[in-house]
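Presented as structure tokens, the chain that follows is alone, the form predicted on its own.
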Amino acid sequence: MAAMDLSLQQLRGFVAVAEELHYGRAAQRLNLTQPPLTRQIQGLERTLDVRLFDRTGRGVRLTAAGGVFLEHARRVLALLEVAPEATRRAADGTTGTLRLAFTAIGAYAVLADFLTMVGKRTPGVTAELTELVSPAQFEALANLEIDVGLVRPPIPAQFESLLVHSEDLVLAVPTSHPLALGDRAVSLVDVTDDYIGYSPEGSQYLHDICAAMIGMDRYAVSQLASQVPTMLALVRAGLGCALIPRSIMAMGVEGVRYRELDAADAHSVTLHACWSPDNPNPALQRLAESLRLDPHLAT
């Protein structure tokens, strides 16, 4: 039985009779005379090939099949009642889905605050989350596979972006390392070990910054990694030291000590919200307009 064989008029007529259990009262409720309402129910029963009502002395009562059909009919009518408003809200971006990608570091640095901001500015929008390195995010943004990315520079000119976070780098060393002792800030010239470096393919931005901070003549790398959790595992194993964003200290990896850098060596790294102006998602357009008017992440 195809749903298209049933009319809304029949469903409304059936629900009215099922709730009133009387054709006369149901017809009056629907502003109809009784004969056309009776014909609607008879036509509905022929279409379904089941009896929906049994006649009683003063009215009708639902059959078992009629009781089941009543649940479904009410659900259909309720959905149809809210569908126009839901459609309008989706069209203007007050509801819908925002596909958000983030880096592993971004998850620690800013993801919670960013999601809180999205919730405040577009409260009816649901966020779908995906972890991707920045180059993969740019590709996904260009293909409209995600709506917003939390990315590291450099950002291709085809995208719009907003600075959402800036933080200093700190030095991660094994707890057995001589630099793990004490509380004073350390200088990079004191690092005589190899570094765990950022992969130029997966983390070009951080790779270039670290190379510039340390100096290419002293930037000896024992291992390359794209994700900071991997780097910290390698530091813990004693394979080298690593420069990591301060927010990663919240991971509290056993066997790793974090040291502040001297002011002369201090360097900050940034994270940006990025999106394609060609993306037609109304939820994204609404968020982007909000960010253009008020770029502060905390509001």
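Whichever C-alpha set is largest while still superposing within 1.5 Å between the two forms counts as the rigid core. Since this is a predicted model, take the numbers as computed values, not measurements. In case it trips you up, residue 1 is the first one in the sequence shown, and so on.
A second form of this protein, the form predicted in complex with the DNA, is not displayed here; the remarks below concern that form.
Considering the DNA in the predicted complex, the lone stretch of 266 to 274, 25 to 33, 253 to 261, 236 to 244 in range is 25 to 33 [heavy atom distance within 4.5 Å]. In the predicted complex, the DNA lies farther than 4.5 Å from every heavy atom of residue 51. Contact between residue 38 and the DNA in the predicted complex is found at the 4.5 Å heavy atom cutoff. Residue contact check for residue 42: one or more of its heavy atoms lie within 4.5 Å of the DNA in the predicted complex. Mapping the unseen interface onto this chain, residue 60 counts among the residues with a heavy atom inside 4.5 Å of the DNA in the predicted complex.
When the rigid core is held fixed, the Cα atom of residue 10 travels 2 angstroms or more between this form and the one not shown. Residue 247 is not among the residues whose C-alpha shifts by 2 Å or more between this form and the one not shown once the rigid core is aligned; its shift stays under 2 Å. Annotation for residue 41: C-alpha shift of 2 angstroms or more between this form and the one not shown, rigid core superposed.
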